[in-house]
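What follows is one chain in structure tokens, specifically the form predicted on its own.
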Amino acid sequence: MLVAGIKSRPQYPGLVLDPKARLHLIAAEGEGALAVLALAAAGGPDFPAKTVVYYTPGGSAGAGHVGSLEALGLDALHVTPTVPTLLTRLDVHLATATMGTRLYTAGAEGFLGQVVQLGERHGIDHLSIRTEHCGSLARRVQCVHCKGITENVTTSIVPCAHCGLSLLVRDHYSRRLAAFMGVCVDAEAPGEVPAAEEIFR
């Protein structure tokens, strides 16, 4: 059963340009490209020269956005085939980032969590990272029993990709893990597994 009002549940207020930033460093996935385009439209004439974007079409309806991002004439646009590749390249960039760099991220929830997690590893307060949720509501879930991560979860009961237990996806979120918690749904009555319901599309 999902519970409303969980304090650990992340909030994504949307991308707003920081006019004092010397460099806008943006990580976007899938439909997050639309948030980047909206930010560019509001960013003024110096936005392209002060902006570096890391983008992966990902699994969240990202097709067709690369051309629109290229047309912005950004200082740099790095298109990667997968989220892990994007995170690796962003990690290298953050390791050499200078004062005045502002980190933004837009995309599906699992992607946002991983970018915020990466930013925190480089000493950036999670509240200073500007985030916008776009596209799928699919979640990144950690099995609390085997600690394995299952990506792109869309149902309230999901088999763990690692140990195979049937997991109830909770609303409790770990920023450290960038994942929601999944607990065994039939621990007290083995084999009694409710039907899966798709609620995170």
Partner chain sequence: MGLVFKTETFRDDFTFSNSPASIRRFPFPFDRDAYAYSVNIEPHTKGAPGSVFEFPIDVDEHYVAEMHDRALVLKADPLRCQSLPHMITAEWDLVELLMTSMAEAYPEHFTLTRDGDAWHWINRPLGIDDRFTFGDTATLPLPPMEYITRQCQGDFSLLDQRDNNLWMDAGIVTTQADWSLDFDIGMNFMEWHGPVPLAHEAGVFDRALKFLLNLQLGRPVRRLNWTMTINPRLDTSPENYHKWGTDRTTVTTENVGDKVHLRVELQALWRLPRSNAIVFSIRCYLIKLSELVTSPKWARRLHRVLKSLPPELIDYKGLTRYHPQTVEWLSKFDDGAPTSPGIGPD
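Positions refer to the first chain, counted from 1. Being a predicted model, the structure only gives us computed values, none of them experimental.
The form predicted together with its partner chain exists for this protein as well; it is not shown, and the discussion that follows is about that form.
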request  = Indicate whether its partner chain has at least one heavy atom within 4.5 Å of a heavy atom of S174 in the predicted complex.
outcome  = yes
message = Although the partner isn't part of this model, could you tell me whether K50 comes within 4.5 Å of its partner chain in the predicted complex, counting any heavy atom of the residue?
response = no
task = Flag A179 as yes or no: does it have a non-hydrogen atom within 4.5 angstroms of any non-hydrogen atom of its partner chain in the predicted complex?
result = yes
request  = Report yes if any heavy atom of P190 sits within 4.5 Å of a heavy atom of its partner chain in the predicted complex; otherwise report no.
outcome  = yes
ask   = Can you say which of 27 to 35, 145 to 153, 41 to 49, 65 to 73 gets within 4.5 Å of its partner chain in the predicted complex, counting heavy atoms only?
value = 145 to 153
message = its partner chain is absent from this chain, but in the predicted complex, do V16, R102 and R121 each have a non-hydrogen atom within 4.5 Å of it?
response = no
task = Enumerate the residues of 125 to 143 that have a non-hydrogen atom within 4.5 Å of its partner chain in the predicted complex, in sequence order, or give none.
result = D125, H126, Q142
